[in-house]
Ligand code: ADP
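Just one chain follows, in the form predicted on its own, and it is written as structure tokens.
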Amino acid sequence: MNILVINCGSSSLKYQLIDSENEKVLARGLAERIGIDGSMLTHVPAGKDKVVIGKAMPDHSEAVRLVIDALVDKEHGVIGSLSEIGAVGHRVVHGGEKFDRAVLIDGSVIRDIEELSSLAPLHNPANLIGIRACAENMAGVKQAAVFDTAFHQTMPQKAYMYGLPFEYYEKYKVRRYGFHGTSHDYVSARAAELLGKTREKLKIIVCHLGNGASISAVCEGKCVDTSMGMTPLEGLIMGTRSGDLDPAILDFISEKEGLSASEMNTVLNKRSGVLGLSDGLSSDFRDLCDAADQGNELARLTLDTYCYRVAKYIGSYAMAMQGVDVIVFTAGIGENSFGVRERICSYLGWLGAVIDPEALKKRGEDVVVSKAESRVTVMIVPTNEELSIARQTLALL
């Protein structure tokens, strides 16, 4: 069965068509600038040249039509007709407390996702647009919602409650939810598989380090803690997000700079993180590593601060699980940045980690980077959220 995986944003739509029998990607692509002048579809069929289609996409329904047309095109298509798509799996950011697993989409699920939009106002409405666009263009094809927050719903209350008046939890469900759950689920399971062990017998710390970054503690197959909170702003320092900070700083800076709450929120989400800490040098870790190697002290400080924060979370989660068997690096930075991994691993000796410096230089592949005598296994495992969504969709059918 071929499963179409959709990740819909407010003006974009990413997709992959996956053959669930062999788990190969038949095609992938991106529709961008939807509803904006200059919209285009970049379509990459397996084994063929990339195709860029510049065509007006006034809405997501038209974008879905273009995706379908590209998939069945005689020259650059990969299937004969729409009937060869057995199901659609959608990434949905926030499932709140209502969804602890993927579900087939029906009217009640759509209403629930709408109600949860207050927890993810930039993402859930966009995800719903994709769901409705597919329903309009693919009548009769089953659709599944796979939630970023679902994997983290096994956290105990002590891990997800905040030190706020309890009435805010009762009224508004203010609590830690965590994100990147599909990635944390896939990577922790894949790491156990590569080691020839079952995830249910391991204590695993997954470091999903990309422009958005989060860490999870996966104890015996279940998430028991994660660094992102009610929103993706909490936790690690990220590309442009501040991560953890003293909440009183917001009021202090707002008063000094004359910023509204909305403007302050923009500062925390768009102007902070390594971009802000490096004084605007870059949010790209390749630029920061190059600058640090060339003697830029602020770039060095930025990297050191970022890696120290990651190491602190690793240490706290080792405590939370009363030990750790495996530490895994994944996502764009975790998979590819030797400089970042090297700095983080320099803190892991107290856990008994013994790192192989040559293996640590590898990038973008499944590899154990710790030596045989290491008491904790340190690995790189590339994430594959689309495959995880396809698997979960198939399981529902």
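The structure displayed is predicted, hence computed values, not measured ones. Quick note: we count residues from 1 along the sequence shown, nothing fancier.
Quick note: we don't show the form predicted together with this ligand, though the next part is all about it.
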item	value
One residue of 286, 256, 158, 111 in contact with this ligand, assessed in the model of the complex (non-hydrogen atom, 4.5 angstroms)	286
In the model of the complex, the one of 344, 333, 68, 57 near this ligand [non-hydrogen atom within 4.5 angstroms]	333
Proximity of residue 363 to this ligand in the model of the complex, heavy atoms at 4.5 Å	yes
4.5 Å heavy atom contact, residue 211 to this ligand in the model of the complex	yes
is_contact(residue 337, this ligand) in the model of the complex, heavy atom dist at most 4.5 Å	yes
Contact segment among 203 to 211, 167 to 175, 292 to 300, 121 to 129, judged by heavy atoms lying within 4.5 Å of this ligand in the model of the complex	203 to 211
